[in-house]
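Same protein, same chain, two forms; see structure 1 and structure 2 below, as structure tokens.
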Structure 1
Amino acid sequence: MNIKNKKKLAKNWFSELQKIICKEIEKIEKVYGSNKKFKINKWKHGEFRTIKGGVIEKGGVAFSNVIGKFPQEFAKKIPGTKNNNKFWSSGVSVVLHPKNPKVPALHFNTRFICTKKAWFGGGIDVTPCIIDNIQKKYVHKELKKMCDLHNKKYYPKYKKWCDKYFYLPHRKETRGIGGIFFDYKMDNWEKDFLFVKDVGKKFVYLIDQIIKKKMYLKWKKKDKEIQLLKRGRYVEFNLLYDRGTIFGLNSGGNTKAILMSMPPNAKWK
């Protein structure tokens, strides 16, 4: 398959996945009784959708397809840019900040990037502010089950990568309970694409399973305080270390779409 067809298939999937994720979240809002819908914001390289609901205090689901040139210095960090800093990229990214402190924040993204090389990247991670070891085991069990369908080596490798990636060195602490993270995936395009699609489908499933189990739980003011402090850590990670944020700001991405991952409010001690 030529690169043109690969780009088209990846782009169409990311666009479709954006719609599927938004529909799933709107269904949850309807069950809860808020009936809130996503606001659609279009721009020249894609579309980002945002929601402020009864369950999701602030959520964003962005689809992008950006073609351009990397800044010279940034290009040195990207594979396949020697003597040519042109790139093509498409992907979908999601951040969900729940209103209820007992519901964890959810993050997901998958992308396909082409320079002289072409690869997939992405991942799923969960950030609770209140510890729940049963939920942690469940999330990792589901991710392992999905990874094992493709390759038994994927889960331990991508879990370890996620644990290392979602870590705040200046705080000496992890951002959440982890998940899976992968990048520069260019082994076999067809197999890699099937894996990326399954990662997206698993995230849709986890949205439903995780949020519905906890969205009706009662919470106290002290729980909200814990959540706001945890969100502060989220902000620190996204602005200092997040590859998606850094990539977006260095590739002509939409600033509003890139920074939609910020929580609606946060606190620092």
Structure 2
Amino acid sequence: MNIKNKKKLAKNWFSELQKIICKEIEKIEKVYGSNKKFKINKWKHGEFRTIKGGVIEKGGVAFSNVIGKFPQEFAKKIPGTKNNNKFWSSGVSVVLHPKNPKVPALHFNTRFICTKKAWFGGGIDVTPCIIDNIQKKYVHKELKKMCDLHNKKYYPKYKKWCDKYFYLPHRKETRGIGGIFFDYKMDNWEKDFLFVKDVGKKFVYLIDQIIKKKMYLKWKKKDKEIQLLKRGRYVEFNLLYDRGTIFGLNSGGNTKAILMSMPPNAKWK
């Protein structure tokens, strides 16, 4: 398949997935009784949808398709930019901050990036503020099951990558309970694309399973305190270390779309 068609297929999938994810969340809001809907914000390189719901206190689902140039310093670390800093990218990214401190925050992203080379990247990771080992096991079992359908090597590799990436060295803390994270995936386009689609579908499934299971649980003021401090760590990670955030803000990306990932509120001791 030529690159033009690959771009088109990937982009169409990400755009479709954005709608599927928003529908899934609106369905949950409806079941819960809040009936809140996403607000659609369009800009020249995509659209980001945001919700302030009864279950999801603050959530964002962004689709983007950007043609641009990597800044010189940033390009050095990017494959296929030796003689040309231009890139094409498309992706979908999601951050969900639930109101209930017993429901973990969820993060998902998949993207297709083209320079002289072309690759997929993405991942799913889960950030609870109250430890639940049963849920942790469940999430990893589900992610492993999905990965294993494609390649037995994926899960261990991508789980490790995730743990390494979502780490706050200054706190000596992980951001959450991990998940999967992959980048520069360019083995076989058709197979990689099938995998990337499966990651997206698994995320839709996990939204439903993880959130519905806990959204009715009662919580105390003390749980909320823990959640607010954990959200402080989320802010620290995103602003200090997240490559997408830092790159986006430094390259004239859409600030509102990028900082859609910020929690509704946070605390520091």
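Residues that one form lacks are left out of the comparison. Structure 1 provides the reference sequence; residues are numbered from 1 along it. Quick caveat, the model's predicted, so the values are computed rather than measured. Superpose the two forms; the largest set of C-alphas matching within 1.5 Å is the rigid core.
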(request) Would you indicate whether the form predicted on its own is structure 1 or structure 2? (result) 1
(message) Quick check on L249: with the core superposed, does its CA move 2 angstroms or more between structures 1 and 2?
(response) yes
(request) Provide the ranges, sorted by sequence, of consecutive runs with at least 3 residues in which each Cα shifts 2 Å or more between structures 1 and 2, based on a superposition on the core. (result) 246-253
